[in-house]
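So this one's two forms of a single chain, laid out as structure tokens and tagged structure 1 and structure 2.
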Structure 1
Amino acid sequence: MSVLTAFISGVTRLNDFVGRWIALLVFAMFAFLLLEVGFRYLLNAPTAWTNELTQMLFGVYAVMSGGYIMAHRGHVNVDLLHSKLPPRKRAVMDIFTSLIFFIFTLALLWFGIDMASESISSWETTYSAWNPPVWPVKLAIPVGTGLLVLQGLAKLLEDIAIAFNLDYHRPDQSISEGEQS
């Protein structure tokens, strides 16, 4: 196994692992919202923290799932032309469009690191009645974006291998256990 194949497989496995754990937050969000409904309507005693905690968990869920979604090709494509192309031409098109992806994600990573470091340095809170720390949520932005950038790099390397018919990677190697049927 070449270094590039190991990198592609390693990044994909990392994002798969993180994505599967982050997906479990859905159950926590469901439980907190159900708890809020129960307290509010059955006991007439609404909580001050469940809605805010659910929003914070959803924010972490959203930013941390990007790499997983990209690893499993779940992001939205405009398939009018893309799906009709043979794999090599599709890979060439993806190489060119990856420039837009990297401009956006690297800017998000840059500003996310700045925002998270400011939030951590001041131990920022939400200033609500519950007043929880918000810096862990803001820290998830550069971490999740970093995972997305790594998966984007892995995809770019795959596309280069497909477009130029290189032997360091074969697309069938990147199929995860969950996609095999």
Structure 2
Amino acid sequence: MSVLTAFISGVTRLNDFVGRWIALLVFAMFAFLLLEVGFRYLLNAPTAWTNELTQMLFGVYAVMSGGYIMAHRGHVNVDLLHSKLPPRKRAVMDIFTSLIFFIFTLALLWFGIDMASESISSWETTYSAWNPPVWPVKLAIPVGTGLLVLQGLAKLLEDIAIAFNLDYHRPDQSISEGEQS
């Protein structure tokens, strides 16, 4: 079972690593918005790029969060029934509902790749006054969704291990259950 454990903790670590860096984008968004206010209000010279860049960073920030949040059990659910079940039954139920999870995320991955590759093939730009390339942000859709799918797979494997009482070590508890504060 060591391969299983390694996969699960590897994916969780990957998402944790990516998330910790992407989380810092909030500082950039703050700085650029403030810069625009300064340029427009104090210098009467609004820029063509600050708000658009902020918007693009926000898009990346939002779509890349899926896997990190799943690794930290941060996607909210309705726990009326769910939390009352014993761990094995809960794992069985999660295996069943993961079908819905994968239908959504795989459809998104498929068409996200489609959308991004179309954008890359024409080196699509936004055609705004600033006119930056738009494909890096579109590429974030399949990348972010891919990270989410990986984390979903890790959770599925974990649930299967729990459901079938497989001998398996839970990955680092502090990562998957921590930071509830």
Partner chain sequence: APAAAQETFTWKVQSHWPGASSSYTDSLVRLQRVLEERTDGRLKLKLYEAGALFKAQETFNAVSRGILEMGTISPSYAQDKVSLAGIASGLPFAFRNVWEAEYFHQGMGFEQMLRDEAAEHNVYWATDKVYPTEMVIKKPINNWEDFTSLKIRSSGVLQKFLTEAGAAASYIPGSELYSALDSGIVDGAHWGAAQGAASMALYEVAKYHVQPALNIAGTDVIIVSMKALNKLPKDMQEIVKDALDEQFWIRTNEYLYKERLTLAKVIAEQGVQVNVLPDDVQDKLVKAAQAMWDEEGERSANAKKALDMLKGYLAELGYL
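For the two forms, the rigid core is made up of the largest set of C-alpha atoms that agree within 1.5 Å on superposition. The structure presented is a predicted model; accordingly, all values stated were derived computationally and were not measured. For numbering, take structure 1's sequence and count from 1.
Only structure 2 comes from the form predicted together with its partner chain. Once the cores line up, the CA of W123 ends up less than 2 angstroms apart between the two structures. Once the rigid core is overlaid between the two structures, Y41 counts among the residues whose Cα shifts by 2 Å or more.
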